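Just one chain follows, in the form predicted alone, and it is written as structure tokens.
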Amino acid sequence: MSVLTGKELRIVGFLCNWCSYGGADTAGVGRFVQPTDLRIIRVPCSGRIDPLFIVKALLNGADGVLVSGCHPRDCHYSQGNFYARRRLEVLKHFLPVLGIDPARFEYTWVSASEAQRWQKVVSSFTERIHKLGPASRLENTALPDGLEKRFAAIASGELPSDGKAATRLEELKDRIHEFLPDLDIVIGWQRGFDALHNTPLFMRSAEDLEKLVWGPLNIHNTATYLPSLRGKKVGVVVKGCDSRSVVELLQEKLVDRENIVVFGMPCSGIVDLSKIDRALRERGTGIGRVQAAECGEKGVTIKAGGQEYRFAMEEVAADKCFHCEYPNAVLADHLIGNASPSSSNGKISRQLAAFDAMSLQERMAYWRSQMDRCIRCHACRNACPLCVCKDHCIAQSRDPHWISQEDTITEKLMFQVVHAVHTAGRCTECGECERACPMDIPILAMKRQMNRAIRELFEYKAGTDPEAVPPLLAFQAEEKNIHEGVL
């Protein structure tokens, strides 16, 4: 029974075998009085603790999680705790977007000889968790009235447009035509099965080139296809966000720079087809009845069900386009058209603004309502240009059996957390995961929160420098923006 309150809570401890586990053992041998709430899991090194261990524990009933390892510069494996420190600090910044109080997780350092310090650490953390009380359970949360409408009502901001029709499609075609004989394939966009759907175009001849289109309906990220075409000479037409994915693929050596020719065009924003569908349904029709459509920088004109509807771009643009930082390609061998000015103005995305306005309880309730609609189709994973281990995804692995096939809210949310953690420091916020979701779940918010943590802690933006080292693959002995608390 807990020595603090007489009622045990569920606290999980991941302890390094060489230092902290030894310190806990020394405290036990010395008969130091300790709370009994903690359940210890011994690991080889704090560097082997995946952040997913902590999230899985918290989502599956733990009231708190404590990680303890060797002191910095005293790691049995030299650098393990330096890598762990970065990953665990990022996790503390990520937990609030899930509705989990970051105070329920802590990491610290205890050596094998510090029995007294271990007693202080475990007592202090257990006391903190008892003050917080039992953690809220995801399945038991209820969505407050009007929360979804409040989320949707957050101001949208501006689009990255200079007010000019700067899309020089013919110039782009001429440039591609010049290089096409030396390339195996060029990836762009073409009109799809109806006037509102553009789809990826794989150009191998001049006849294919005539199908190339440009505009707000060029939704797909063309960089997604590059890893599967490795070894071929490939040209790729990109928007600003697409180009960041190309940079990230180059950075991770998933494509070869000498085999890639990048054609960049300035972007003035793309449409969100789900917004158009909702708007049409409110008018008594639907996106399935569209007969014709015209799209430009100013907006979209649609003929559906025998009537004409006009929407301003601000009404139907994808959320990622508001406060866009990179409307122009960050990497391009051939840049066509006038550059569009950035509209970010240093502001955070509307999604993060919406979550910042919610309480922790509301955030957890919001995710419960969203995950209840998830059908586990894995479209978000399949569309992600940086999710390249699809054939070995832990969502479908039985060794280790990370995620079951149970149709529960927790298992669904856990899969999304896995995706967010695996793309931490890598995600370029292209929005393909959210675009591909058939249930319109705003899962990009998780990646944006992770990116905000990466930016604040390490002053790093994914997909902007091919020579940079992602922050979670590096460390500094003295971290500039990590101020570790002492329990």
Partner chain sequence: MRIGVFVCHCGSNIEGTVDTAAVARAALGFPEVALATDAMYTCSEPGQDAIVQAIREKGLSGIVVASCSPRMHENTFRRAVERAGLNRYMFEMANIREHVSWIGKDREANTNKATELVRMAVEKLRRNTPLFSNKFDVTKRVLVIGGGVAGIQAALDCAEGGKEVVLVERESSIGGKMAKLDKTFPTVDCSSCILGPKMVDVAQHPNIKLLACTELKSVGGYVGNFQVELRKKATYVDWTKCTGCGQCMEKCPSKKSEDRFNERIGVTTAINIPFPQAIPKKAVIDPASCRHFLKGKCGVCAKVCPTGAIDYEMKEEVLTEQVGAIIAATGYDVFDISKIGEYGAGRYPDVITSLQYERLLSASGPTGGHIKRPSDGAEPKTIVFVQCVGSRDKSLGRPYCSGFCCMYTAKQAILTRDHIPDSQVFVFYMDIRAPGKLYDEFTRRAMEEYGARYIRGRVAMVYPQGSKYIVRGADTLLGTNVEIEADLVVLAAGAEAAAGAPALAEKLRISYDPYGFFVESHPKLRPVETNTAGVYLAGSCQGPKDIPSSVAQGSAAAAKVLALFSKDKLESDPQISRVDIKRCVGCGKCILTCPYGAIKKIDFRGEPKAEVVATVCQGCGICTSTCPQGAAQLAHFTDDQILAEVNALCRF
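For clarity, every value in this text was computed on a predicted model and none was experimentally measured. Residue numbers count along the first chain shown, from 1.
Below, we turn to the form predicted in complex with its partner chain, even though it does not appear here.
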Check: Is there a heavy atom of residue 41 lying 4.5 Å or less from a heavy atom of its partner chain in the predicted complex?
Finding: yes
Next item on the list: Although its partner chain is absent from this view, report whether residue 73 comes within 4.5 Å of it in the predicted complex, heavy atoms only.
Entry: yes
Notebook entry, point to check: Should residue 431 be classed as touching its partner chain in the predicted complex when contacts are defined as heavy atoms within 4.5 Å?
Noted result: no
Check: So in the predicted complex, does any heavy atom of residue 45 sit within 4.5 Å of its partner chain?
Finding: yes
Note to self: Given a 4.5 Å cut-off on heavy atoms, tell me which of 180 to 188, 212 to 220, 384 to 392, 316 to 324 is the interface stretch with its partner chain in the predicted complex.
What the structure shows: 384 to 392
Check: Which of these residues, 461, 435, 452, 422, gets a heavy atom within 4.5 Å of its partner chain in the predicted complex?
Finding: 422
Margin query: With its partner chain taken in the predicted complex, which residues across 69 to 97 come within 4.5 angstroms through any non-hydrogen atom?
Written below: 73, 74, 75, 76, 77, 78, 79, 80, 83, 87
